[in-house]
Ligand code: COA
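Here you get one chain, nothing else, as structure tokens; it is the form predicted alone.
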Amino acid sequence: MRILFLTRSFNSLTQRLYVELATRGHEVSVEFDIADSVTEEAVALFKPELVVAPFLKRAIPESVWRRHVCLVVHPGIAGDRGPSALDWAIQDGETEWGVTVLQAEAEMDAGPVWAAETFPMRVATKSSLYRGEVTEAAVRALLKAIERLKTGAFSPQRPSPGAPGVRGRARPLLRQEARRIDWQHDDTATVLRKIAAADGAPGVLDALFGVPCFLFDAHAGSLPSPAVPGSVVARGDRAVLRATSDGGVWIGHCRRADAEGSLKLPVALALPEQWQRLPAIDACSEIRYEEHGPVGVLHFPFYNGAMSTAQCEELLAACGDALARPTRVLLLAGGPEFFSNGIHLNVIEAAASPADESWRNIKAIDDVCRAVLETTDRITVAALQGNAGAGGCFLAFACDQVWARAGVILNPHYRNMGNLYGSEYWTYTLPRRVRRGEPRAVMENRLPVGVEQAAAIGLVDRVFGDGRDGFLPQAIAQACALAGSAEFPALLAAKQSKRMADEARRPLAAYRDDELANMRRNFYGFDPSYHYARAQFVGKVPHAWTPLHLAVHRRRTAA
């Protein structure tokens, strides 16, 4: 089918649905929801057989939904209506939730239902559920709805809130007054639930050290000694520990509400003086190492997959410690949400000199990649539990093998961030991996890549996993099997020989120098594209147009 995606942004859910439909042979084009007139023009140009809205914040214009079947992907159960579906589900403690694919009509979320899928609610943040269970349910529901639409044998029904068997109901926007934390009475579970329900956006409006802030990234913590509920008692790993009525919570990120255009940052950067005055305790490490027999596993679940200069330096030190252990395989596990998304654009944007911080950050992540590439006494494996983008992909490609969970999305390119050239030794690792096509084609492609397609190209070696929770245990088991296999000595010897030959042919330092020379022009040169794109991205500035690599229907007119 010819399918037009109408969406506010090309977010993780939209990317996954795009990959799933394109893989099945559908012709998909994307238009950002900018204005009714722009939507009408896109429909006229593309002449879609179906319009799909994976992520919208306003209604599809009547001029479109009256003439075309428009399917809205709603992150709520059948009968649920309103813009804060998942927020309410988390804050209300729902044990089961779902995704509904419904037909657009005059009233938002009230049209006939073409498909619905449910899932058990995990104790997690909104962003985590959205990237996990919501995305998987949305894929199932949309594919089912499209099949029903194609056969013409299905008659969609309109669920009535309050009817027998219909749990969904109309609910308003979840505003800050309903999210407010009562520090004197809310227990730890309640505080975590409120912050989890606001994760990503909008955060929970509160205050730290008397400064109004939106709070994000909360985890349970133990107080070193009894404290007044609401008081901030300690710091650790860029976060702060705050007392609740029955314990404590670590708060990792905040966005100041007292300044226009403030960014979401680690608390240590958003409020540095106040953070520094707190007593430090070592109980909130982002990086964790564990061993399973001959396999060392390095976890680095950095928030949103972003890796600042300091985090890269800490990861490099952790790699050094891991490599000092007598293991045969080092498995880089990243985090359950993201493997890595490369350099930390928010921290860079907030720096006194974004160009200087970009330069420090890219060199720091290069150091991590070099440490992996120069590891010759064991096999290295990247286990992608979650999505990866830009430099995070190339950190994975620095490993000898790349294993990925089914459903993971890769964005192995830099060009969408102001035509960045990229580093992380991609000019060395990419030609070694690409089995089909040209390495340059991977870098020129601005579209997301599913792991099945990535495996066909050669970017990924294995794709497996029984869902979110099953992948990492399977990866560790496979790594143990690899370490104990009869082929292991030959594999290691071949790796050592190849690395020596590659280094003799052209040293890794030469690849790095060439890449950084191009990156220096991106950071300090006359073309401000990278700095503009970064500021737009971290500031969440609404799109003014849809880029041509997404808007297939506009390429002919642009030419």
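For every residue, the number given is its place in the sequence shown, counted from 1. Predicted, not measured: the structure shown is a model, and the values here were computed from it.
Here the subject shifts to the form predicted in complex with ligand COA, a form of this protein not shown in this document.
Contact with ligand COA in the predicted bound form, judged as any non-hydrogen atom within 4.5 angstroms, is confined among 221 to 229, 367 to 375, 176 to 184, 410 to 418 to 410 to 418. When ligand COA is considered in the predicted bound form, only one residue from 330, 398, 390, 315 comes within 4.5 Å through any heavy atom, namely 390. Residue-level contacts in the predicted bound form: of 403, 428, 338, 88, one residue has a heavy atom within 4.5 Å of ligand COA, and it is 338. Although the partner is absent here, residue 236 is not a contact residue: none of its heavy atoms lies within 4.5 angstroms of ligand COA in the predicted bound form.
Contact check for residue 344: a non-hydrogen atom falls within 4.5 Å of ligand COA in the predicted bound form. For residue 546, no non-hydrogen atom is located within 4.5 Å of ligand COA in the predicted bound form, even though that partner is not displayed. Looking at residue 137, you'd find every heavy atom of it more than 4.5 angstroms from ligand COA in the predicted bound form. Looking at ligand COA in the predicted bound form, residues 15, 264 and 304 each place a heavy atom within 4.5 Å of it.
The partner is not shown here, and in the predicted bound form the stretch 482 to 499 never reaches within 4.5 angstroms of ligand COA through any heavy atom.
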